[in-house]
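Okay, here we've got a single chain as structure tokens, the form predicted on its own, with questions on binding and movement later.
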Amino acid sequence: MIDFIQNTVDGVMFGSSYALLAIGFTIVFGVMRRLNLAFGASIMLGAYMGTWLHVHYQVHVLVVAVTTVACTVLVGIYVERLCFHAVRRDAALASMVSSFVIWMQLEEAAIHLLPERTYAFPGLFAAGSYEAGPFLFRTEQTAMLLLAAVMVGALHLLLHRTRFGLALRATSENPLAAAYMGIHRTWTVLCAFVLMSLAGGVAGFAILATDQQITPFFGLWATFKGLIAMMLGGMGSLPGAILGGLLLGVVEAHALWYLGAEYRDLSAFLLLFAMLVSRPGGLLGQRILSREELAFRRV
């Protein structure tokens, strides 16, 4: 039983990194009902820029953090202009495919920037652990869990207590009605991408500072884990993004302990398949799915 509880604790801690990535996907999907497949690659390129400064100029870790977040935001704007702003609103498939193409482009740019397979990434603070009874907690993963909670709280206040948040939610609910009310959809979507990239840059730095290394596979890993966590929790639900990330982390931790490392990723895909079959809207997104189905029937 102690091993089971310890694995659950480890899963919750590691799942906080998945939750951070799912938050970014949720922001844009909640506003546009479109998937940005270049999100993970955007974070990767921003992190590679910070790593490049660290490798060549040995800058302070805070400079790496600012560079990672700032470059991720700039790349996010680049993706939005090419893949979403320049594509018709009703061409969701075209925007998703174009974001996949940009994903490949960004990965190539990152690999040309730093051609080696693995690079050291500076840690924000020294790795450590503490005990609570018979259970062990890693300090950096606890900090990441707290960061995920703070980000969700801040985003909740932004979306429900500000005029900008009201514009985002109105655009998400009914773009045409929002336009009639004077909300500039193009500017709102661009701000949503900036917010998504800001959350992604913070998440990417926190994850890499915990792992203290970066590889060319980080963009693919971030995309897969973030998407799975978002779909588990409920597409368009910020609390669902947190819950989905934590659930994914717990399932992977138990699969790693009881079945072995080769079944870790397989367990994630099996969990997603089971969720899509039994509850297509996710843990907290069923209400959103039911509301959209009801609106479609009325039309």
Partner chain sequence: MLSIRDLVTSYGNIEALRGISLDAAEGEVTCLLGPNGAGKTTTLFTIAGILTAKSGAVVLNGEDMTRLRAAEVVSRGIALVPENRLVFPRMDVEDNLRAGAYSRRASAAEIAADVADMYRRFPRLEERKDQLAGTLSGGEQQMLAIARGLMARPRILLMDEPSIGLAPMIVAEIFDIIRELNREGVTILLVEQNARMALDVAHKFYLIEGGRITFSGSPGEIEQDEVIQRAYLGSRQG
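Numbering follows the first chain given and starts at 1. Not measured: the values here are computed from a predicted model.
Although not depicted, the form predicted in complex with its partner chain is the subject of the following passage.
Point to revise | Interface membership of Q213, its partner chain in the predicted complex, 4.5 Å heavy atom rule | key: Contact check for Q213: no, nothing within 4.5 Å of its partner chain in the predicted complex.
Exercise for review: Please check if N174 has a heavy atom lying within 4.5 Å of any heavy atom of its partner chain in the predicted complex.
Suggested key: N174: contacts its partner chain in the predicted complex.
Practice item. Please run the contact check for L190 against its partner chain in the predicted complex: heavy atoms, 4.5 angstroms, yes or no? Key: No, L190 sits far enough from its partner chain in the predicted complex that none of its heavy atoms falls within 4.5 Å.
Practice item. Give a yes or no for R117: in the predicted complex, does one of its heavy atoms lie within 4.5 Å of a heavy atom belonging to its partner chain? Key: Contact with its partner chain, no.
Check your understanding: Only one of 180-188, 129-137, 200-208, 145-153 gets a heavy atom within 4.5 Å of its partner chain in the predicted complex; which is it?
Key -> Of the options, only 180-188 has residues within 4.5 Å of the partner.
Review point. Should the three residues H60, V64 and V66 be counted as contacting its partner chain in the predicted complex, with contact defined as a heavy atom within 4.5 Å for each?
Key: So, no: the whole triplet misses its partner chain.
Practice item. Answer with one of I77, L124, L220, A170: the residue that has a non-hydrogen atom within 4.5 Å of its partner chain in the predicted complex. Key: Result of the distance check: A170.
Check your understanding: Relative to its partner chain in the predicted complex, which residues of 152-168 have a heavy atom no more than 4.5 Å away?
Key -> Those in contact are R163, L166, A167.
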